[in-house]
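Only one chain is shown below, in structure tokens, and it's the form predicted on its own.
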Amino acid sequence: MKNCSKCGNPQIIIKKKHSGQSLCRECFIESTREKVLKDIRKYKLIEKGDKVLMALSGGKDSVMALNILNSLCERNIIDLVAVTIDEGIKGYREDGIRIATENAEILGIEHKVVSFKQYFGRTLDEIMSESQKNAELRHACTYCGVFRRWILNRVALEEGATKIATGHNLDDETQSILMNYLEGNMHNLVRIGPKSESQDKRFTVKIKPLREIPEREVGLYAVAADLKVHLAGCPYAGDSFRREVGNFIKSLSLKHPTIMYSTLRGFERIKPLLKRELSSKVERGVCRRCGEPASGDLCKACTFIEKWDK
């Protein structure tokens, strides 16, 4: 293996197949942070004076994003608050909450823990148990995604946050592009991007600072920077469609190391065409039950809840 491409250090920790760079620990940490901060500027994810709500699960992605965003907080560019959502997954979420809390305390960042039980009266474990009994079983990821988005938007409004940051990485983004294309969900497809673009003031803008960082590099960054992270995988994610698509993309990447970047760039070229075709056809109102934005009479979260309450 070659010496570090930047400083010549012979102690290399990564060789990036997509770029050909070989990097030592210090240069890898520095270049990754620079890349994230460059993308924040490039896509105008953050403006001076923003209050950013970081969705902090305790996993490697959100902990890395929190640490890099904290550098902007330390320079008084933004205010930063972290929120951890307790979905109520016994034997799994407890460690994530503990690690998220430790990271927020280390950095001196305000941290809130909120739960499915608090907002919806049910844990995810209870939701899955009830769904099985009622023969209306959907995958846990469906419920979890809907309810997490609802809670993040609600907490952001409560906190006066102007942006919601998530830890979505390059793998996550390419998975979302391929999943929505395969399912023919063009309306969801057109919403994918470095930040949300809703004109509805009731939606807090969501940003993805790690969108162009591969998952492998996020994991290596966590190790190299000695970050405390929750490594356990969600017990409900094993048979999800996202996992299947993710495994497919990873297998392609073994022989085609630039495939995720080319997928992302190709999508960015066709997205303006999709937006022009679909944007005028999307109508949004207000959920009659919770007051959140909705495409129909009820938002997706309240649609589930009303079914259960009958």
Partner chain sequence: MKIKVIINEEKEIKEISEGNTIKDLLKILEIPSETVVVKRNEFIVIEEEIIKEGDTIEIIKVIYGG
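Positions refer to the first chain, counted from 1. Predicted model only: the values in this text are computed from it and were never measured.
There is another form of this protein, the form predicted together with the partner chain, and it is not shown here; the text below is about that form.
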Taking 4.5 angstroms as the heavy atom distance cut-off, pick the stretch from 228-236, 67-75, 160-168, 100-108 that is near the partner chain in the predicted complex. 228-236
Would the partner chain be touched by all three of I13, K250 and L254 in the predicted complex, meaning a heavy atom each within 4.5 Å? yes
At 4.5 Å between heavy atoms, is K275 in contact with the partner chain in the predicted complex? no
If we define contact as a non-hydrogen atom of the residue within 4.5 angstroms of the partner, is L220 a contact of the partner chain in the predicted complex? yes
Hey, in the predicted complex, is D86 touching the partner chain, heavy atoms inside 4.5 Å? no
Can you tell me if K117 lies within 4.5 angstroms of the partner chain in the predicted complex, counting non-hydrogen atoms only? no
If you check R243, K51, K271, R33 against the partner chain in the predicted complex, which one has a heavy atom within 4.5 Å? R243
In the predicted complex, the residue from E212, D79, D125, E215 that sits within 4.5 Å of the partner chain by heavy atoms: E215
